[in-house]
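Given next, in structure tokens, is a single chain: the form predicted on its own.
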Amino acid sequence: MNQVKIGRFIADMRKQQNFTQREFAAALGISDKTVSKWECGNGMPELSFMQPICEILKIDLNELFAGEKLTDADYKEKAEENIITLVEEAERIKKNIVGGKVLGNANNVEMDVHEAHKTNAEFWSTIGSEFLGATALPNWGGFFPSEDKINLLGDLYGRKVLEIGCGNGHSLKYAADLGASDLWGLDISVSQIELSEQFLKKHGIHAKLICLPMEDECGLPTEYFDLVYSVYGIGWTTDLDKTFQQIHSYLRKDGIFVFGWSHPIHKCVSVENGRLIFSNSYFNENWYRAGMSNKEIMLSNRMLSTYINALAENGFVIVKLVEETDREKAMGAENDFGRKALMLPTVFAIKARKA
């Protein structure tokens, strides 16, 4: 689409209808700066605004996409061109969301296990924590109730504990502070393991740390742990079934598995011009590659039912599902992420028991 041509067309049609930019913006419920941006060719209207724009300017969608008034003779040809362009544009601007970051240009890819491990390990060994931040217990994620409030882990005193995706070691320290007697950690990134070792050693805490992908045979003891947990780690697996099978084998009878991850609906909705806009299909579970700063990540968007069904199929009983927002935190944030969290869950957590 030629956004400069479309912008000029919007400006011309607005003037024909005797609207100022401010009056036109008010009719759409947006700022006049947004209208100015469109008309200067520095941006395109969101899809949700296109039909209202046409109604106000007394044009149709095909003319808006073409950026010109159309005669009967060229209408069909332009319509076909615009449909193709619109589909290509929708694919180009498809968005995914990781944590509080909106990722544009997230391109679908065929999942390659080796490539995914290599890409994600490099990301977390370089800029991962800096770019996405690090979530650690007692926090399960942005604007989600803390462990102090929801108590998913239970009594940790004397427990044998394994963390999947142990990152910088802060969650392991949290478990140690609550009396866990035997600490283990697993992470795909060498540098994250090193950070954990340094942090825990500084606090006089000993933990056995292993650097391998969570879905691999990791040499961890079987039927050993009272609790396995993961804070924003499970979603990075290339094979959910294998990961849950491995975790099931590590747990003793009636052992507990708790994990939190970005809520699937959060990844589908972005905030644009103060409105919640669906920017990705909830049902899309394709693998995608996306740039983050000067690195890349490879992830899959999984539906909530995918996690629940995989747990059930691999020997777990669901004890509790939490998909809430800490409204006090969200209201105090005064940003788009916080406003969004007031309307839909951005994080979910599941507590399951080995059957």
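Position 1 is the first residue in the sequence shown; the rest follow in order. Only a predicted model underlies this, so the values are computations on that prediction, with no experimental measurement involved.
Below, we turn to the form predicted together with a small molecule, even though it does not appear here.
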Self-check item: Residue (of Phe259, Trp236, Tyr250, Phe244) lying close to the small molecule in the predicted complex, criterion heavy atoms within 4.5 Å
Solution: Trp236
Quiz prompt | Position in contact with the small molecule when the complex is considered in the predicted complex, options Pro264, Gly255, Gly167, Gly142, heavy atoms within 4.5 Å | solution = Gly167
Exercise. Within 4.5 Å of the small molecule in the predicted complex, counting heavy atoms only, one of 142-150, 265-273, 117-125, 201-209 shows up; tell me which.
Key: 117-125
Self-check item: in the predicted complex, Thr135 touching the small molecule (heavy atom, 4.5 Å)
Solution: yes
Practice problem: Would you please decide whether Ser171 lies within 4.5 angstroms of the small molecule in the predicted complex, comparing each non-hydrogen atom pair? | Solution: yes
Exercise. Could you confirm whether Ala180 comes within 4.5 Å of the small molecule in the predicted complex, counting heavy atoms only?
Key: no
Exercise. Please check if Val161 has a heavy atom lying within 4.5 Å of any heavy atom of the small molecule in the predicted complex.
Key: no
